[in-house]
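Encoded as structure tokens, the following chain is the form predicted alone, with no partner shown.
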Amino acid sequence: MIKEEDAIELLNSYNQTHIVNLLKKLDEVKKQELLEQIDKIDFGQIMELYDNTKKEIEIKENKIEAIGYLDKAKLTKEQKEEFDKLGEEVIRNGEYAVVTMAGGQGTRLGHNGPKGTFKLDVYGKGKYLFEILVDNLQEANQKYNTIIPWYIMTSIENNKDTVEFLEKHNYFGYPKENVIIFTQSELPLVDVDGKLLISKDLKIKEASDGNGGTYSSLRASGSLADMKERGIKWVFIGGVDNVLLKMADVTLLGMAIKKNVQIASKSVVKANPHEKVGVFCKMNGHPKVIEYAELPEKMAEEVDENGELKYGESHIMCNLYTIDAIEKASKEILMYHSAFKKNSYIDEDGKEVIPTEPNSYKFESFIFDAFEFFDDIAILRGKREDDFAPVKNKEGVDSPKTAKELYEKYWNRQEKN
């Protein structure tokens, strides 16, 4: 571990004198904890990310082109049967695993606890988001006579609460030996002057580094090695908050196999040109998801010869990978995006400061930024009413109210069919 004098030299070289002052005041136990943390932080990387916050994002329109997709509703009977047969074989053979990204807190929903522990008011008695995912997996297990290994990525912040919740509810009947929980990595928070924030426990304040950290966290936690030991060939990665997520869609899987690609994704068409969602495209000849804020307005409104939006395929966090693709992405360095947010901190006098305005940068990588490491992606267009009912906001769009409605309508339709 780093020696105290080396840590002081390192901190001074990056102008983090407030942490040097803190180190000198701490008792031996706290000092060792902080030194251990300093040893793991890549200060050069953090300062580079901070410097990038001052630069403009530049996107050259001529490098962006529309991307092809298949519409699930328009597949011929033969196509669908062929895809389903290929996909089903992989799942039946025990070569398929599922990853759920569950590192978030339910703060935006007014829920105190991990997001997956939020209870959606469906059918009067309600269901937890984790419980809804288990229903989906159990249905696939019964249908394909298997048990799909389920990997759950938590954050350092919510890991303990998540594990306690799942233990208390006996994993909603899912076989515990097939549930693997791992945590995602974190990065320090930096204020507008490039100073790292101090947390209440007198350490450098960190936050999860975005869902793009899923790949490297799978590798670092040993989960990727576990998948290989189990003979997994295909891995699905999705979020915890879409109550219509199909984690074992054999059509999507079979399409990826047939097209001989390493990555595939399900999309839904944008509700309107200005819906705030990331959309699929090709950039510099590689698959890419471009954020709504970064897509020029003219392109957002462009239509093709059928009158459909040229950039209309929304990324709905429904992604599929070969195990080799996960391995490759886990070794790549993804670009980081900065978000300017409100974060409390401890000042030099040891007092907690709770800001009323955004005061610091959080750095995140996005899962879809790994797509550009591959030459191609297979996209299957689903339907919003069948595939996408996220629970993100307390009220309005993508809220528990809209998710409940979509969920109940979907299952009522299934019962009639």
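By rigid core we mean the largest C-alpha set that fits within 1.5 Å across both forms. Residue numbers here begin at 1 and follow the sequence given. Bear in mind the structure is a predicted one, so any value in this text is a computation, not a measurement.
Below: the form predicted together with ligand UTP, not depicted.
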Query raised in the report: Given that ligand UTP is left out here, which of Val279, Leu196, Val240, Ala264 has a heavy atom within 4.5 Å of it in the predicted bound form?
Result: Val240
Query raised in the report: Only one of Ser314, Asn319, Thr117, Gln184 has a non-hydrogen atom within 4.5 angstroms of ligand UTP in the predicted bound form; which is it?
Result: Gln184
Query - Which of 164 to 172, 76 to 84, 209 to 217, 304 to 312 sits within 4.5 Å of ligand UTP in the predicted bound form, heavy atom basis - result: 209 to 217
Query raised in the report: So in the predicted bound form, does Ile326 come within 4.5 Å of ligand UTP, heavy atom to heavy atom?
Result: no
Requested in this report: Although ligand UTP is absent from this view, report whether Asn145 comes within 4.5 Å of it in the predicted bound form, heavy atoms only.
Outcome: no
Report task. Would you please decide whether Asn284 lies within 4.5 angstroms of ligand UTP in the predicted bound form, comparing each non-hydrogen atom pair? Result -> no
Query - 4.5 Å heavy atom contact, Leu252 and ligand UTP in the predicted bound form - result: no
**Report entry** Residues in 93 to 107 with any heavy atom within 4.5 Å of ligand UTP in the predicted bound form
**Finding:** Met101, Ala102, Gly103, Gly104, Gln105, Gly106, Thr107
Query raised in the report: Is the C-alpha displacement of Gln105 equal to or greater than 2 Å between the shown form and the other one once the rigid core has been superposed?
Result: yes
Query - Core-aligned C-alpha movement of Lys362 between the shown form and the other one reaching 2 Å - result: yes
Query - Is_shifted Leu189 between the shown form and the other one (CA, 2 Å cut-off, rigid core) - result: yes
